[in-house]
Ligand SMILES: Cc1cc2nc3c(=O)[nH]c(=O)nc-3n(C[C@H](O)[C@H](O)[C@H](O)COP(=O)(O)OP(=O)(O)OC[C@H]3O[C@@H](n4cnc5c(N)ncnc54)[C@H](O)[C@@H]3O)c2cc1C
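The form predicted on its own is given below as one chain in structure tokens.
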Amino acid sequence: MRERRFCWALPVISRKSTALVKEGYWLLGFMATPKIKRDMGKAASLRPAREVTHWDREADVVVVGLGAAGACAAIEASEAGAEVIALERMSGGGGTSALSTGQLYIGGGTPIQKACGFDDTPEEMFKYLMATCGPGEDEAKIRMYCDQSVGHYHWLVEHGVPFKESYYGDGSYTPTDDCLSYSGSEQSYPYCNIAKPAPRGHTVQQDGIEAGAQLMRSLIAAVGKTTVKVQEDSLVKTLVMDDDTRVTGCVVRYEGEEQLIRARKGIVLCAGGFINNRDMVYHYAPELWRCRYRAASDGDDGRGIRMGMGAGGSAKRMETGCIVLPYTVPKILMNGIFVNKRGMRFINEDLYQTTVGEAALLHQEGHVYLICDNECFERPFAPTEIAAVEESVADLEKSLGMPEGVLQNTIEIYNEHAANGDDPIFHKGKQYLQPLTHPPYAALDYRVENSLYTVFTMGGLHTLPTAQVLDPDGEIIPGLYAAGRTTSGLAAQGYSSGLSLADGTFFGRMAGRHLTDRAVPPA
């Protein structure tokens, strides 16, 4: 094997041969990670309102961050008649939402679902999300979202977000311009026995660009049709609070100078998560820092969460994150079995890749392998190293340093039942059951240090379904709202693709709606 700087070549198993052959190579580049400064995202101390001698700007509502959540909050508030200022730290809106796959988890009987021949109800959607969005699932938010999900779909369409009446199949990423897909574990045990399966992943129809970028182009265009005043290149440093513990404004760095902006009704924090803040991840979710790829923009430094906490806000489920283990492309790899470092199987391989990723990283020390024989092996995407290839399971077990006999026993038991179309231990779907009896045998290396686990944080400020931020005693902090990954929203572990964008867009709207129903305090 020839080593090269920054990449290496890997031999592959031929599905046309009974031996390992070097008939092809593929390259896996090192994944560069952002260099994070220790103080990145650190918010300044809270500014008391009594120290403010003048306001440079003011509006009814100030939205911090112009990703999907911020855009929807700004649109909803403006259309209800509020004067809105949207502050964006970059030179244009979009944030991490623009880098996403552009998929939203929407269900309950949308026009797309009906057009593609799928029946769904808010109740079935609710049962599935309650079963998967834990621990600590927020029943009130899940209930509200499921009951209003179809209405949310129509709101997005009315504001220019395009969806195509077409069904793709399974997957969080659709390489075509098709819309609907199964984007979670709806069809897998045990969830298929809890709620009637239905595809709820709605991917935005691309127009020559990635779906996430298309989503944000549509939402930013919708913002442009309102009276929202967008101020870019504006880094919000901290919040302003009066003696009655009401958030009344914020301190902004704009064009190299400090700017004070008053929010007559309230501020909505939509500033992203904290995966790019080393100190916060070490403190709250150290397992996530072991992963090599972060689904994030530079703005995901925890600034919004820290500002909210500085104003007295409580944060919850800060240890949680979306953990994607990309092993399901091509699907034939799901006919293999996952084992831990002791050679024992630990999960049904047809579960969604985030559920498997969570189990692997959080419960198996991030030390797992996907065992394939020559019949179910194809080159994985994303590219993955081969830890070992042997002509027998016994030799593979030895090469991987597993306890003698454990992997052999695991595969023997699996093969015995798979031959009868059964998996009594983990209940993998019959379509993925195939005895592993055709050598050579390979172990794909899904140890965290060698694989492209993809992560982002899902913990954040504790909010009501109205997006109002709560303090540790469960009391509302007047004038302070938050949405998107700045909050603990619909999902925790058990993530289904599209929940983050769905959560951000929907509860961003709830923030804008609730703010415009509140009385304006005196100046």
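The first residue of the sequence shown is number 1, and the count goes up from there. As the structure is a prediction and not an experimental result, all values here were calculated from the model.
Not on display, but discussed next: the form predicted in complex with this ligand.
Proximity to this ligand in the predicted bound form holds for none of Thr328, Phe338 and Ala418, with the criterion being a heavy atom within 4.5 Å. Note on the partner interface in the predicted bound form: the residue among Gly266, Gly95, Gly357, Gly184 having a heavy atom within 4.5 angstroms of this ligand is Gly95. Contact annotation: of the candidates Gly107, Gly321, Gly308, Gly272, the single residue with a non-hydrogen atom within 4.5 angstroms of this ligand in the predicted bound form is Gly272. Heavy atoms within 4.5 Å of this ligand in the predicted bound form belong, among the stretches 440-448, 363-371, 283-291, 99-107, to residues of 99-107. Residue contact check for Ala295: one or more of its heavy atoms lie within 4.5 Å of this ligand in the predicted bound form. Shown alone here, Leu499 lies within 4.5 Å of this ligand in the predicted bound form, counting heavy atoms only. Residue contact check for Gly460: none of its heavy atoms lie within 4.5 Å of this ligand in the predicted bound form.
This ligand in the predicted bound form is not approached by Val62, whose heavy atoms all lie more than 4.5 angstroms from it.
Taking this ligand as it sits in the predicted bound form, the stretch 232-260 comes within 4.5 angstroms of it through a non-hydrogen atom at Ser234, Leu235, Val236.
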